[in-house]
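Before any questions on how it binds or moves, here is one chain, the form predicted on its own, in structure tokens.
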Amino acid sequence: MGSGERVTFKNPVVSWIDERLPVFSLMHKEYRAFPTPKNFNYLWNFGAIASVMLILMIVTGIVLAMHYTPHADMAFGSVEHIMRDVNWGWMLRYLHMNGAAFFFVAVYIHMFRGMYYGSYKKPRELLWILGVVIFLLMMATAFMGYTLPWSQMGGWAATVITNLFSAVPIFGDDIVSLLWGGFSVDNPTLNRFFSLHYVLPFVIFAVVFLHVWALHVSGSNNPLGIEPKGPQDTLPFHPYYTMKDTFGLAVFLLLYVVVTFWFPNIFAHPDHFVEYNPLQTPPHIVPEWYFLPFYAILRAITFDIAIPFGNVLFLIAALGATLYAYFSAGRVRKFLWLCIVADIFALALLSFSPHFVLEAKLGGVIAMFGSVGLLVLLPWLDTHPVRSARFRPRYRFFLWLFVIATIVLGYVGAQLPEGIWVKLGQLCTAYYFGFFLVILPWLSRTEKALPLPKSISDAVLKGVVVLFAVISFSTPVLAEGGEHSHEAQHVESQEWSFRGPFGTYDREALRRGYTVYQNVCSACHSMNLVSYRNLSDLGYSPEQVKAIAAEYSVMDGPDDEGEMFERPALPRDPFTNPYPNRKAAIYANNGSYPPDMSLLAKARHGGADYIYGLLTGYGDAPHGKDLMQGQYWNAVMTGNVIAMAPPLSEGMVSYEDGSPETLDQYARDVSHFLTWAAEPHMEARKYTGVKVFIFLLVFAIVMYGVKKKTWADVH
């Protein structure tokens, strides 16, 4: 059982281990001496990049799980505890959150490479199917992770997506109840999703192992789509492709670092920073960008379809006839005869058969899951003998149209389902399915390919990563599309000291902003996620922080007698809430709940610009615009109507530093302060990002030199 061929190692420790467990011989065979085509381009890097991103997601996820509380009442607060109080917790969370987006970028490019160069064709069908299984597991894992912060967007996404299973005939409601763990999305749902989100990455890792195993059995495809003819067409995997993959990984990580440390929330909807409220539906529920094409396909089915039962029988019979004729001799003749018989049988039933109604909801669910399921059938839908699109000009044309249609579907999915977006989504959905079910079978039988080279050594290909650029620049657009779609007013951009890659907070402005909050905003709005001790970041001394905290009283207890008691606040306490509970806050504000201001700058599109615009945007209503009692006109508020009276006015707050006591200055300072409250570690994030970026840039330059030297004898 252990008598396989082993490699001789000079290191005595390695040799001793390998004699007893030949893991090093296995690694040498599979990752050093393994022969690979010599013409891989940089698109082949993304398999290794995706593997590294998977490991990064597992490692950061394990650490985050140590501090996360999977409880409906505490999940949102535990995530913010990670961001604010856990050492480097903000970095772990941002690496994990944005790592999911970049993981999908790598996988989408990896899948596109497989489709472009025909890597799904014989003998690599199982390799491709395992890749689709990985993709499905990724989608399930990402969706469950999307819900874990228990925000408005995550909680309502869980409600909407799980409700889709209610469309399944007979068993739909039972499936939904099983997923929910009750009669609504609540704590059992969160516990189920957390458990599965933690376990599924390890399942993905296992399927990746099978995926790589299948790759090493069938061998790698290459840009020409032809098999190596001999040793002259191949290179050992190490050091040639380890160096090339490492350089490509370094470049990819540079982009990842830029997003993580300078634009960490570019893919996040503002409602992710508002705690889940089952009684208040968000204006627009938007999934993450990598789900948007499938979300658009789901919404493309907007009508019920009544199908006579006889037609259903005909379709089933025709499908059976097609499969039988395809896998037997005399295909054309048998197919025609069986279709004629099936048609006669269906027509005989057509006049008196009942109707089967395919509801729009069920049709959308079938279309969404079918759009992914078609990928499994790709090896049998495209049976053209030539693999690479380089030698199939018509296939290449239709494939790029498919890529464009998918990107358009992603943009449509981020828009409200109305007007032109509905028709455009239906058009692109029709092309999506038509590409697989009509175009590919047609091209398989009719397309004449260009002449293939005799061997890999006879051709030199240089790869391009066009799709990576398309996705990299389009995903921020897709991510922001949903945010812009329901914002009625334009928010003007202001100058802030914290803007830019090296921006910092103005400590004087922060202290002035805290003064405005303390004297004005704190009368109605809480800041439950900010503690008095955090004021030391604004430049207050420990003694000043203690004095500020002592001005407020907090309820504590129970004491030794079991009674609650009041005591002066301590620096460790969060800012005192102006109301004893949520109901009291709603009652005191005529039925409206004043939002907590801890994350307000993140929870509103535009951040500080929006807050500043809102505070300075009050004015007289235009002619013909009638306002009810208790309503005010505001230039940036959606609908221009707001129930909050103008909170700031000239001279209402005194500044000790002599700054102008004007409305503009008040609004600017409190906006500055609320930005800090939402992102207190911004300066550390940018400073760390500079160091990591410089390290990766130097590493990428060094690896490029090593790669050039390694490949010098090949080129």
Partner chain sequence: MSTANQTDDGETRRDFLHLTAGALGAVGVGVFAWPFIDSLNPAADTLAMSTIEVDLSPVEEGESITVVWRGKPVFIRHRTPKEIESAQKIAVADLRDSEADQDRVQKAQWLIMVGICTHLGCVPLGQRKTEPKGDFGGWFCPCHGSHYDISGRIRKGPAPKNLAVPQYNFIDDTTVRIG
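Computed from a predicted model, the values in this text were never measured in an experiment. Positions refer to the first chain, counted from 1.
Beyond the structure shown, there is the form predicted together with the partner chain, which is absent from this document and is the topic of what follows.
Taking a 4.5 Å heavy atom cutoff to the partner chain in the predicted bound form, the contact residue among V59, V690, M652, M27 is V59. Taken together, the three residues V63, D85 and F699 all lie with some non-hydrogen atom within 4.5 angstroms of the partner chain in the predicted bound form. Proximity of V491 to the partner chain in the predicted bound form: non-hydrogen atoms within 4.5 Å are absent; the residue sits far from the partner. Interface membership of M91, defined by any non-hydrogen atom within 4.5 Å of the partner chain in the predicted bound form, is confirmed. Interface membership of R32, defined by any non-hydrogen atom within 4.5 Å of the partner chain in the predicted bound form, is ruled out.
Looking at G705, you'd find a heavy atom of it within 4.5 angstroms of the partner chain in the predicted bound form. Stretch 92-100 is the answer when you ask which of 92-100, 122-130, 495-503, 592-600 has residues with heavy atoms within 4.5 Å of the partner chain in the predicted bound form.
Of the residues in 558-575, only R572 comes within 4.5 Å of the partner chain in the predicted bound form through at least one heavy atom.
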